[in-house]
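Okay, so we've got the same protein chain twice, two forms, each given alone as structure tokens, structure 1 and structure 2.
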Structure 1
């Protein structure tokens, strides 16, 4: 059965990791706004330049741009057949309401909204050591997942950098924005009876096992 899911949580909680595990084991298609924006940024498109200006300041990309991008992908035949995992969207109640309306129109209701719960200090520790490849986007961590050769990607040999939005001062701003703008999304879906809370501070495999159990998979 195709599952239609949303992963909600602060930056660094592991939404991307869990999306990949769900895809491998259940089949739903990951739809990450962050991945799509990074591709646009790397291609230096107008959309990429606009998105980068907001992301570098730790701010959210405007609603209109994000909503239209995500809804176009959701309507695709692949996603209709296999279901989806939304990662990084919706970030605001306005986006959630727009998504609800669209899914109702195309008869693709959500199965669950998974909230990955974790303390701020864990997020700061995880993100402040994160290193990204400028070519393929692979993510490393200075402590938890260092590259084999310092400064270079194991997969493509591209140069590694600390992203602007992973610097400590920007992380604090991203957490503030999450609390102010995205946390109300959790309340929105809790009222609809779709919310599933999972402890995101555990090892990735343990988090995924808890998700499967609560989804009845």
Structure 2
């Protein structure tokens, strides 16, 4: 079934990790604004250069370019057919309103907004050990999920790196912005009756099992 989902939660809660599990098991198309921005940075496009100046400081990229970038992908044929898992978007109430308007226009209502919840202490320790593949995007953790061969991806053998914005002071800024700008997005969808709360502090497979159960999948 073509599910249309939003994953929302603080930096490091496991949105990317759960998005991959949902894609593998349920089939919706993952759309992570952070991943798309990092690809633009890698390709050194105008959008990438603009995004980098905000991302490296842990600040939000301006709403206008972000909304345009994400809505374009939501309108694609693949997403229309298979549904989507939005990860990292919408992150402000303005982005949420623009998304709602578009989904209304193209008659693709949301099925659920999954809010992953954990304490700040846990996200700090998760982000401090995160390592990611530069080639296929697979996510690892130095102690929770180490790669088999240090520095290289188990799946595609690509080189693993630590993200620029995973420095302690930038993590604090990202948490602050989450509380100020993104927590209101959770209230926005709670009022629409779409919110599904999930305990993100459990092991990845247990978090996924809870998501599945709460979605009735």
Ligand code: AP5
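Between two forms, the rigid core is the largest collection of C-alphas that superpose within 1.5 Å. Residue numbers count along the first chain shown, from 1. This is a predicted model, so every value here is computed, not measured.
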Which depiction, structure 1 or structure 2, is to be taken as the form predicted alone? 1
Has the Cα of residue 151 moved 2 Å or more between structures 1 and 2, judged after a core fit? yes
If you line up the core, does residue 132 shift 2 angstroms or more at its C-alpha between structures 1 and 2? yes
Taking the rigid core as reference, does residue 142 move its C-alpha 2 Å or further between structures 1 and 2? yes
